[in-house]
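Single chain ahead, written as structure tokens, the form predicted alone.
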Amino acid sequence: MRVPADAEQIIEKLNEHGFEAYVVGGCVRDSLLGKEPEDWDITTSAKPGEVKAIFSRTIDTGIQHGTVTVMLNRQGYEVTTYRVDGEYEDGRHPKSVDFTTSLLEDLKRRDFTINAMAYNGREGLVDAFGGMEDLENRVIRCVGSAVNRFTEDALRILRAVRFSAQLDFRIEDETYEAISLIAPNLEKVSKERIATELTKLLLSGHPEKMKRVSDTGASRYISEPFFKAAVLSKGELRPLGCLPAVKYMRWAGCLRREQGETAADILRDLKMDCDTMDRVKILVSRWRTPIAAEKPAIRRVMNQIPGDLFDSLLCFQEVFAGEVGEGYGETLKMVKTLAEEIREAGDPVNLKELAVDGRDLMAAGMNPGPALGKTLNALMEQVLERPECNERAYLLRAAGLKNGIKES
């Protein structure tokens, strides 16, 4: 396994001071799968205070749980003391954390076998629970008792489904049965944490595995409005993977049969961020409406939604062209070509690009008020129809103004 030089340096320095240290968890899993880990977490027998004494630049990331971030070459590495979790009273967090000198005890508390492996250059791979075998067999399996692991932290239920989607692994039978049994505990998990896991699942290479959340019965304890509204048949979910792995696009794909406001309400119930809700609402509201292969019609759509969302809308309609209308795929090709010509020509498509603004109209004699806004919108409509009209003198005349003087 190839461990980054900085992580190796941290491990070696801890070893020099008489402590054990290994990279652990997801970075080991990803490395064994031939993937580039996002983070390199380190576990050690050194207590937080001892870690802080060894390294000159540290941040108390979660020191009450044994985690110190060591800064090296402007990169942060989380270094966590071996620990044993106390009783889980709320189905999410241990009541207490006790430090231990046993790596095995630390690995035993982890969720899945594929996440319960450690490695360092001296000893190689430490795999006490068959994680390597499960990687080879493409299996998601809990460490020890699945019922106990999910009872400790119900969010692990969604993590199991999410990992099965990200890695395209099957969920081992005992683990799958425990999901259905412990699913009611998901009511104890915050909507924000649930939304994060569901988003990771949707952004995976197999978003169609969202159906597993429903199949196990877990959906009723997460968000009934979402799972009632979502398109969940395998055939209809599979096209989601053809959408870019962009948060708002995948959520919109799931909720595409709903009205825009209803989709936004469902995401609001999941405590989704406002930007995602707004974008999903726009896409869900507009994707069923065909865009005519005519430049004025295309410019009007560009005018009505934010610039980057126009491209997302076209992409969305391309994936679900058959649902927009028969033969729409061919029309959409023409729309894309014309849209590119509009952009290359620099045609104005929003008020910021109009040759006059409110100050120009007031300087020419128009009074401020609602009529001024209506006039700008009317001028914008003319320019959307005929971009060559976007000249100051012409627009002032069109507004009933001439040479800075309101015509009577």
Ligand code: ATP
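Residue numbers run from 1 along the displayed sequence. Just so we're clear, the structure is a prediction, and the values are computed from it rather than from any experiment.
Another form, the form predicted in complex with adenosine-5'-triphosphate, is not on view; read the next lines as being about it.
Participant: If adenosine-5'-triphosphate is transferred from its position in the predicted complex by superposing the C-alpha atoms around the site, does the shown form leave the pocket open, or is it blocked, with blocked meaning at least 3 ligand atoms within 2.4 Å of a backbone or C-beta atom?
Facilitator: Output flag = open.
Participant: Looking at 328 to 336, 149 to 157, 223 to 231, 132 to 140, which stretch has residues with any non-hydrogen atom within 4.5 Å of adenosine-5'-triphosphate in the predicted complex?
Facilitator: Result for this chain: 149 to 157.
Participant: Only one of 109, 212, 206, 279 comes within 4.5 Å of adenosine-5'-triphosphate in the predicted complex by heavy atoms, so just point that one out.
Facilitator: Checked against the cut-off, the match is 109.
Participant: Which one, 115, 303, 312, 100, lies within 4.5 Å of adenosine-5'-triphosphate in the predicted complex by heavy atoms?
Facilitator: For this set of options, the contacting one is 115.
Participant: Does residue 162 make contact with adenosine-5'-triphosphate in the predicted complex, using a 4.5 Å heavy atom cut-off?
Facilitator: Flag for residue 162 set to yes.
Participant: Would residue 191 count as touching adenosine-5'-triphosphate in the predicted complex under a 4.5 Å heavy atom rule?
Facilitator: Residue 191: no contact with adenosine-5'-triphosphate in the predicted complex.
Participant: Contact between residue 347 and adenosine-5'-triphosphate in the predicted complex at 4.5 Å, heavy atoms?
Facilitator: Residue-level check for residue 347: no, no contact with adenosine-5'-triphosphate.
Participant: In the predicted complex, does residue 26 have a heavy atom within 4.5 Å of adenosine-5'-triphosphate?
Facilitator: Flag for residue 26 set to yes.
Participant: Listed by sequence position, which residues of 38 to 52 have a non-hydrogen atom within 4.5 angstroms of adenosine-5'-triphosphate in the predicted complex?
Facilitator: Heavy-atom contacts to adenosine-5'-triphosphate in the predicted complex: only 41.
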